[in-house]
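In structure tokens, one chain follows: the form predicted on its own.
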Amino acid sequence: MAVRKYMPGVEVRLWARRKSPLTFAREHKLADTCSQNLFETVGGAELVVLCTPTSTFLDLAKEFEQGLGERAIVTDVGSTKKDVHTGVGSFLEESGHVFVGSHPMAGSEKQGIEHAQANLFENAVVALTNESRADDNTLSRIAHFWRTLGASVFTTNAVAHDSLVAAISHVPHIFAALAARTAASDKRSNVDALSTLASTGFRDTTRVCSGSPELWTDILTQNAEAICPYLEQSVADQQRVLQLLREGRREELLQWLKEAKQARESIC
């Protein structure tokens, strides 16, 4: 949809394993070609964007690799990068093709093509990772693609990327899930009353954990190495707050909350 809006005249091909998203795409004229034939969809393309769960990237690449043209760039929208480069990136590089990792910091907890938005990338940031050592011209091409769709580009390496997104995306997702689980954990709680009273604070705090559990299991598993140190630090911090509350140490609790406010404001 974004390519349709910002790059008129560019041929768009869409592949999916299931028929239902392709039917929706045809009905809404989202692509020139909507197909379940991966090899034909990719054949001759200048840019291939992998938008499936990252655990499927390598198998898909093995299916379409021989159909890639000489100038083709393969990228993705995955939330982790180390495993992606180790898997599909290395495979494509060894096969004589070019892979550059992309991670648009955009989206929502809603699932399915029916929730797609043409303006999704406007004012978003896309992280690019180049572990396969693509040349400057290739990087310029992929950066130009994302900028044309309204995004800015942030270049980093896979390990740094995974650590950064662990802090600002993956661990917060776990915290959102914990908040939801905690609210519903007391069997004495009246669920109807909770639902009636829950307002913007609870909704905003827990919104992201309504995302696909299957997708997030992949993300958290693949980035566990970067996530675990943050979680361990959080457990220690929670123990400190628990102690402050139990002992009624108001001034120290106030200082803790001030530090949290300052931390949040320094990031966004």
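Numbers for residues come from their place in the sequence shown, where the first is 1. Remember, it's a predicted structure, so these values are computed and weren't measured experimentally.
Although not depicted, the form predicted together with another copy of the chain is the subject of the following passage.
K.L.:
Would you classify T138 as touching another copy of the chain in the model of the complex, given a 4.5 Å non-hydrogen atom cut-off?
P.N.:
No, T138 sits far enough from another copy of the chain in the model of the complex that none of its heavy atoms falls within 4.5 Å.
K.L.:
Closest heavy atom of F24 to another copy of the chain in the model of the complex, within 4.5 Å or not?
P.N.:
Flag for F24 set to no.
K.L.:
I'd like to know if A158 sits close to another copy of the chain in the model of the complex, meaning any non-hydrogen atom pair within 4.5 angstroms.
P.N.:
A158: no, not in contact with another copy of the chain in the model of the complex.
K.L.:
Is there any non-hydrogen atom of H173 lying within 4.5 Å of another copy of the chain in the model of the complex?
P.N.:
So H173 counts as contacting another copy of the chain.
K.L.:
Select, from the options 143 to 151, 120 to 128, 84 to 92, 67 to 75, the stretch whose residues sit within 4.5 angstroms of another copy of the chain in the model of the complex by heavy atom distance.
P.N.:
Answer to the contact question: 120 to 128.
K.L.:
Answer with one of A61, A31, C209, L50: the residue that has a non-hydrogen atom within 4.5 Å of another copy of the chain in the model of the complex.
P.N.:
It is C209 that has a heavy atom within 4.5 Å of the partner.
K.L.:
For the stretch 245 to 268, return the residues whose heavy atoms include at least one within 4.5 Å of another copy of the chain in the model of the complex, in the order they occur.
P.N.:
Heavy-atom contacts to another copy of the chain in the model of the complex: L245, R246, R250, L253, L254, W256, L257, K258, E259, A260, K261, A263, R264, E265, S266, I267, C268.
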